[in-house]
Each structure stands twice: as structure tokens, then as C-alpha cells.
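In the C-alpha cells that follow, the same protein chain appears in two forms, which are kept apart as structure 1 and structure 2.
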Structure 1
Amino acid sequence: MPPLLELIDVTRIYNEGSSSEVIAVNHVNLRIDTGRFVILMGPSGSGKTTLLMLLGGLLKPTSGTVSLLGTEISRLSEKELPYVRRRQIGFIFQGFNLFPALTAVENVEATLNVKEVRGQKAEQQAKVLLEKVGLTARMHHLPEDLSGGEKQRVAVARALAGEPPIILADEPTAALDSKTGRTIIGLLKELSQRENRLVFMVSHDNRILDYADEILYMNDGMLLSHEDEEASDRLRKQIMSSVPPPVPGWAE
């Protein structure tokens, strides 16, 4: 059986052939199965977010292949890709990306509508999802009336809409205090274990490492090699020296 997600020799180049060419992702190979909580770490500009966008079908590789359950999504047309993203992938962004004029429950409903769940069914499912993330009492509030942690909970609920097998998260704890961040990470960890989903998170926050089933490191567009232990150790130390030190109590 093919892995849930697979990258084979994937490279992504911005402004290819110009004087400002940037190799954001450089010949990356990766296989990930379901039921895993994977964290990708690295300094700013290392290519983490570009890799996440490639995994989610938001970008196409310059070369190489990206596959989801054996289907090569990197070769799908722009008409076919949205269907795959709606059905298979939930996104959590650092900036929340909530609709300011919609309440929490309406924000989740809007995502369900895109996934062809509408009306009373969408409303009921949205309420269940917000209950799952502990936001029952605040579901009828607008984003401006929610705290950062509450907005992130709405974003998590929205990512779960339609029960996608893959959750991709881009720095979901960056703007959160330690207590709220611990709650969000604990929720995502539980999702990977209880509901057998793949949670793939990009971060430069080493406070969350104890939650991971697997930690990947990236620098200069390259993924840490697991075969060359000496090179791996040097790169790991370089990356970890650039991220904040642990905060006591984060992973208690």
C-alpha cells in the first residue's frame, strides 16, 4: 500500500532562470503514513513553508513528484486540485484566516459549504467540531471578540471539517502564549492518535518537540539526511541554535 504522502526528488525554484532565482526546496524525498504527528523545524527562510505548500497542492514542484495515496497530485490540473484539497487536506494557518464578518460557527460552516455540506447539516457539524475543540460557549462570537487561542481553535475546527485524513499546520503556536499553545498542540496530537490522521506541522518552536512522533529538520531547502549521522548532527545543532529555548511548563 502506498504511503499517505510521498515526495520523490522534489525541487521548487522561484524566479527560475533569472538573476533572482531562489531554490526554496532542493531535491527532497519524504514518505509519511497516517496516524503520525510530524514536526518540520528549521530557521526562517529554510524552505519549510514552501514544502508545506507543496504537500498541500498549493504549489507545484519545479521538478519531482508529490503523491497522495499513490495519486500524483503534482500532475493534476488546476481544475482537479481543488477537489483533492477539499476532500483530503485541512489547513491551519498562523494568521487564522477567519472571515471577520462571520461568527465562529459560521466560519466553520463556510468551510463545510465549500466541501458541499450545507444547510442544517453544516450547522450541526460545525457545532460538533467547535465542541470538539472546546469552544462551545464562544461559537456565536465574531473573530474580533475572540482571543488568539480561541481564533486558533476555530481554525483547527475548520481544518477538521469534512474529516480530511491530512492536517497541515503552519506555525500554529507562533502567536500564542504557552498555556494556549500547549492546549492546541495537545489537541492536534490527540487527533493524530485517536482519529488516525496525519498531522504535519511546520514550526521553529522547540517547545513542542516532546509531542512529535517524528521530527524533521530543514535548512537551505534541504531536508536533514537520516543516513549521514555526522552531517545530520551538525545541521540539527545549527538549526536548534536558531530557535527559542524551551519554556518551562510548556510540555508538562
Structure 2
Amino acid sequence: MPPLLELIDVTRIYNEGSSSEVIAVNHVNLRIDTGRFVILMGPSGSGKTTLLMLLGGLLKPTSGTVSLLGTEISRLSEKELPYVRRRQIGFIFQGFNLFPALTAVENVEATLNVKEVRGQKAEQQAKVLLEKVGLTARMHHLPEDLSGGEKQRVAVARALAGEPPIILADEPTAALDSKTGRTIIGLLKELSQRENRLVFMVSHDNRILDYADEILYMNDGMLLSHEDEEASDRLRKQIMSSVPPPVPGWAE
């Protein structure tokens, strides 16, 4: 059985060949399987979001291959890719990406529609998802009338729509208070444990490290290898010193 996601020697260069060239992801190798809760850490600008977008087929590698269950998605055409993304992947972006003209429940419904769930069924499922993230009371509000944390919870509900086997999240707890953050992480953890899905999350939040099955570290576009414990340790300390201390009772 091929791994759920596999990156072989993946490099992504922005503005290649120009004076503003950036090697955002540099020769990364990675294999990840279902049922894992993986956290990716690293300093700002180290390439985390770029790696997440490569994993989800939102960005093509400059070189190397990205495979999903043995299918090389980095080779798929722009016509074939959306199908894979719709079926297999739920995204929680930095900045949420909500439709401003749609209410919370309509935002979730719209995502369900894209995943081919329609009409009353979509409305029903959207309500259940919003209940899961504790947003029932605010579901008829527009994004502009929601707080940052509430918007983030709508984004989480959207990512869960259609039950994708892979959930990719870019700092999903950044705008949340301790209690809501714990609820959301608990929910994602449960999905990986009980439903055998992959949750791959970028985070600076050291309060959630205890939830992880695996913690990956990125620096300067490179993924530190599992074997390189000394480098991982150094980076971990550096990250820890740059984030707020844990809030008591958060990761119990």
C-alpha cells in the first residue's frame, strides 16, 4: 500500500531566475500515513505554508514529485486537480478565506455544494458541522459580524465538510482563546484517531504539541530529518522561546 502522501525530493522556487528568487521549499522528502496528527513548526518564512500548499495540490513543485496514495498529483492537469482536492482534502487557510457575502452556514453549505452535497442535505450537514465547532448561535451572521475566532471556527467547519481523508490546516488555533482552541484541536485529534484521517497542521502554538503523533521542523525551506535530533532540538528551543508560554490547563 503506498503512503497517503509522499513527497520525493520536492523543491519550490518562487520567481525563479529573477533577482527576487526564493527557494521556499528545498529538496524535501516526506511520507505520511492515515490516522496521524502531524504538526509542522518553524520560523516565519521557513516555507511551512508553501509545503502545505504543495501537499494539497494547490501549488506545483518546481522539481520533485507529490503523490497521493501512489498517484502523482504534481503531474495532474489543472482540469484533473480540483477533483482530487474536492474529494480528498479539507483546507483551513491562514486568513480563513470565507465568502464575505455569505453567512456562516451558507459558507459551509457552499463548500458542501462544491463537494456535491446539495439542497436540504447540505443545509442540514452545515448546521451539524457548525454545532461541532460550537457556532450554532452565530450561524446566520456574515463573516464581517463574526470575531476572528468565530471566523476561524467557520473555516474549520468548512474544512470538515464532505469528510475528506486529509485535513490541512495553517495555524488553526492562532485566533482562538484557550477553551475554543482546545475544543477545535480535540475535534481534529478525534478525527485522526477515531476516523483514521490525516491531520497535518502548521502551528507556532506550543500548547498543542502534546496532541501530536509527530512533530516536524522546517528551517530555511528544509525539513529537518528525524535523525537530526540535535538540529531539531535547537530549532524547538528557538521556536519555544519565540511563542508565549503555555496557558495553564490548556493541553491537559
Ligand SMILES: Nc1ncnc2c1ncn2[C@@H]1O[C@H](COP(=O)(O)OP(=O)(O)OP(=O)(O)O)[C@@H](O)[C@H]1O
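Quick note, the numbers are simply positions in structure 1, starting from 1. Rigid core: the largest C-alpha set superposing within 1.5 Å between the two forms. Bear in mind the structure is a predicted one, so any value in this text is a computation, not a measurement.
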Handout entry: Which of the two shown is the form predicted in complex with this ligand
Key = 2
Problem - Core-aligned CA displacement of Thr173 at least 2 Å between the two structures - result: yes
Problem - Leu40 C-alpha relocation of at least 2 Å between the two structures, rigid core basis - result: no
Practice task
For Arg207, tell me the Cα shift between the two structures once the rigid core is superposed, in Å to one decimal.
Solution key: 3.1
